[in-house]
Every structure is written in C-alpha cells, then in structure tokens.
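Consider the single chain below, provided in structure tokens and representing the form predicted alone.
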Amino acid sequence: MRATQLFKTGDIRTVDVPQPVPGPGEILIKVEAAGICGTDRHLYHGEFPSVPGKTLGHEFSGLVVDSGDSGIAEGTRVTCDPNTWCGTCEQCQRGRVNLCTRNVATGIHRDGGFAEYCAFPASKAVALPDDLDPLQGAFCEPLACTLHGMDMGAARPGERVLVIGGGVIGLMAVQIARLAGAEVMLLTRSASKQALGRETGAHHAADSETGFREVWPQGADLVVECAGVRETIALAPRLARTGGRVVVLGVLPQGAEVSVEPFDLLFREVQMHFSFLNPFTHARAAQMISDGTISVAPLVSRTITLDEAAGAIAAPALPGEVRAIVVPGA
C-alpha cells in the first residue's frame, strides 16, 4: 500500500509499505479522509518532537475492514482519537490524561492516517453515521481539541468573545462561542476567512487591532488565540478586557518565545490558559459533527491524493486555505 512518511526533518515521501496487520486490541481501517494539520508542517520542519520513519496523519476517519476481537462491525465508519493515554502515570491518575507522560500519539509516535490503511486501537475508535460525508469525519479530532480549549475559556451568554485566526480551529471556536450565546468576533487578515467566519457564526470580523477596537474599545471577555503566531499570542492579552481571560490554542514551534507584560496582566487580572490535545472530548466532537451542530463542510478548501500529500505538507498552506484533505482512495 502507499503511505506518506516522515523519515527525518525535511524528508517526507509517499512510499510503498506493507499493509499493516492489526495486533491485539486493534482494528484495521481503510482510510477515507485525513486532514493536513499545522502540526504536520511543524513535524516536517523539526519544530515538534516525533519518531522518524512514521506515517503522519492524526486527523482521519475511515471504514473498519478488520474488526479483530473488538466487537465493532466491519463496514462501520469511524473517527480516530489519536491519543492513547497510559492510564497509570501520575497525570492520568489525576484525570489530566492529555498530560500523560507516556501518551502514544498516532501520526507522531505510531503510524497514522496518511495511508491507504491504518492499524488502530479499537478502544480509541468512535463510530460515525453511515451516511456522514467521509470528509467531515476528518474534522472530529481538531474539533475535539477546540472543545477542550473552549471548555477552559467557558464563554457565557452575553459575553464578548474574540477569536484570533481564521483556520480550522478558529472557525470552529467561532461556532462554539456562538452556541454558548456569546457575541463573537473573528480577527484575521484574510478577507476570505473573514467572510467564512461571518458565514459560520461570527457577528463581526476585523483584520487588525484597530478594527477590533473600533467595535469593542474595552476589549473582549474571552480571547481565543488560534493562529499560533508569536505576534498574535503576544497580542491576545492586550485585547482582553480588564478581568478578562485568554485561551491559547495555537501551536508555536518548540523553543519559540513570546513577550508579555506581567505588570499589565497583574493589574488588570487577565487570566491566561493554554490548551493541549483533546481529553474526553472526541466522542462529543463526533456527535456535534454527526448531528450538524458544528458545520465543517465549508471548511474543506481542497481534496488531494495520497501521492500529493508529501508536497502539500512540505509547502505552506495556500492563500486563504482552511483545510486540505487527503483522500487516499482518489
């Protein structure tokens, strides 16, 4: 079969590999759709730790073709929660499973979904409706991560929520904040993403701090940083109102540093939180996509073949692109 593997920093190729054989507790999935995440590009550039020689892809869904002893019916469409916590370390015992010291991340530590087939832990597969568009199943993982961050931010009805960044995470955060009853603004320089933000639930859109201040001069109750850029992470607490809060969902390269002013955060009592992975949110994300509570169809910018995946990961995202989806069967 074909699979897109990262052999070392800057060396990603789609190659022929043996079809995996599921081990104990695993199922075999025929991958239908896998999203290219910013983390995949961080991995390619050596900006995020990974195991060399693994198949990338942690946002994917597909059909079960070998259920092993799982009890999952073959032919079931599933979404794949990529994080397998150990359950026994101190963090897991505290319920902080996303901080597990022995977490095994599919697409980083073990072979992932940029392949025709993937052997996957049955316990981490979540069933999807038979009639769900396979492309939409690939959005469950990023939505699960977004839900964790938005749970931390806890937007309330009537609050003002600013979302910085018009990518997949940002546009999902817009929808979640709108569902919470908040007044929502999307901040992004991209005109096309501003329009998409309005389409998916934002009341306002701005392209700069100046544009933001024209609408909300006192700042936002909650600022959700989804861009993963030094400048926007530094900007986020400045745009929070006195007594407000910030949640950082964006991922910077390992080792990157950002300057903030503790005096300002102290005297305005601005809270800053950082959100990591998807603890106990994947099944909720799958349900919200399955029942249409969260709209993901507008977030598909393009579909590509498996043989095009390596080049797409090695290159920057196209202008205005929200999500490129790899379709191995195409």
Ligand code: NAP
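Counting begins at 1, following the sequence as shown. Because the structure is predicted, anything quoted here is derived from the model rather than measured.
Missing here is the form predicted together with the ligand; even so, the following discussion is about that form.
J.: Using a 4.5 Å heavy atom cut-off, which of 177-185, 243-251, 113-121, 128-136 contacts the ligand in the model of the complex?
T.: It is the stretch 243-251.
J.: Check each of 219, 237, 228, 201 and return the one that places a heavy atom within 4.5 angstroms of the ligand in the model of the complex.
T.: Of 219, 237, 228, 201, the residue with a heavy atom within 4.5 Å of the ligand in the model of the complex is 228.
J.: Of 168, 150, 161, 80, which one comes within 4.5 Å of the ligand in the model of the complex, counting heavy atoms only?
T.: Of the candidates 168, 150, 161, 80, 168 is the one lying within 4.5 Å of the ligand in the model of the complex.
J.: Is residue 190 near the ligand? Define near as a heavy atom within 4.5 Å, in the model of the complex.
T.: It does: once the ligand is placed as it appears in the model of the complex, residue 190 has a heavy atom within 4.5 Å of it.
J.: Hey, in the model of the complex, does residue 302 get a heavy atom within 4.5 angstroms of the ligand?
T.: Result no; residue 302 lies far from the ligand in the model of the complex.
J.: Taking heavy atoms and a 4.5 Å cut-off, does residue 276 contact the ligand in the model of the complex?
T.: Yes, residue 276 sits close enough to the ligand in the model of the complex that at least one of its heavy atoms falls within 4.5 Å.
J.: Any chance residue 42 has a heavy atom within 4.5 Å of the ligand in the model of the complex?
T.: Judged by the heavy-atom cut-off of 4.5 Å, residue 42 is in contact with the ligand in the model of the complex.
J.: Kindly confirm or deny that 145, 232 and 323 each have some heavy atom within 4.5 angstroms of the ligand in the model of the complex.
T.: Yes, the whole trio is in contact, each within 4.5 Å by some heavy atom.
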